[in-house]
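Just the one chain here, the form predicted on its own, laid out as structure tokens.
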């Protein structure tokens, strides 16, 4: 145990210097991007920031769905629900402000019909990310930590994405749609649509808390 601790202490200076050098390189690249185009630099630093948050929080959608049944912990599941709640509020503000100024709702064209394509895609992606041991964000985070096995997952992630995009029209024309896309403000208005979504998220959050308490008894 003492030898292991000493080895860790010996590695720490090298890790710190490597991390500091990498940070300087990333900052220089970001500054060069800023001189070229500010929005690209914003994307660059935003990606670094979100990557740091994901790594420190161990945020992963697979764990959010897997942990409640395997370990009884719903911490990550509740984190996902909080993220969905906050993003719902801010995206509603963005969409509503755009709607009031221009009559155009950004992103509404991406609301797809619900059908067997949804079920098929959910099952394939769900099974795949459990076998791979992580979702897209978790996979990228672990690659950054040095888990080289996830490079294989990344390769097939790209292959699957290309295949899916290539055959997208076939899926659209051969699958039965059960329901047109649902945009809550069309049915309940902006305020009540947001309230309904937040209420559902809140109920799921309470259910997650009760589930965790029950598993720990």
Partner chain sequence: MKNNFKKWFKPSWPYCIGAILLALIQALTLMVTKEPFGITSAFSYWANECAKWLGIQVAGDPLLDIAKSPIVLIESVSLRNLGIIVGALLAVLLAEQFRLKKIKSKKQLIGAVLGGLFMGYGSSIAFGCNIGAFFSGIASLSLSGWVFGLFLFLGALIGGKIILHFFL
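Positions refer to the first chain, counted from 1. The term rigid core refers to the maximal set of C-alpha atoms that superpose within 1.5 Å between the two forms. It should be emphasised that the depicted structure is a prediction, and the values quoted were computed from it without experimental measurement.
The protein also exists as the form predicted together with its partner chain; that form is not presented, and the subsequent description refers to it.
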### its partner chain contact at residue 208 in the predicted complex, heavy atom, 4.5 Å
no
### Contact test in the predicted complex: residue 113 vs its partner chain, heavy atoms, 4.5 Å
yes
### Query
For residue 147, is any heavy atom within 4.5 Å of its partner chain in the predicted complex, or not?
yes
### Query
Is there any non-hydrogen atom of residue 101 lying within 4.5 Å of its partner chain in the predicted complex?
no
### Message
For the stretch 142 to 168, I need every residue with any heavy atom inside 4.5 Å of its partner chain in the predicted complex, listed N to C.
### Response
143, 144, 145, 146, 147, 148, 149, 152, 153, 154, 156, 157, 158, 159, 160, 161, 162, 163, 164, 165, 166, 167, 168
### Query
For residue 148, is the C-alpha shift between the shown form and the other one 2 Å or more after core superposition?
no
#### Entry: Large Cα shift (2 Å or above) at residue 56 between the shown form and the other one, core-fitted
no
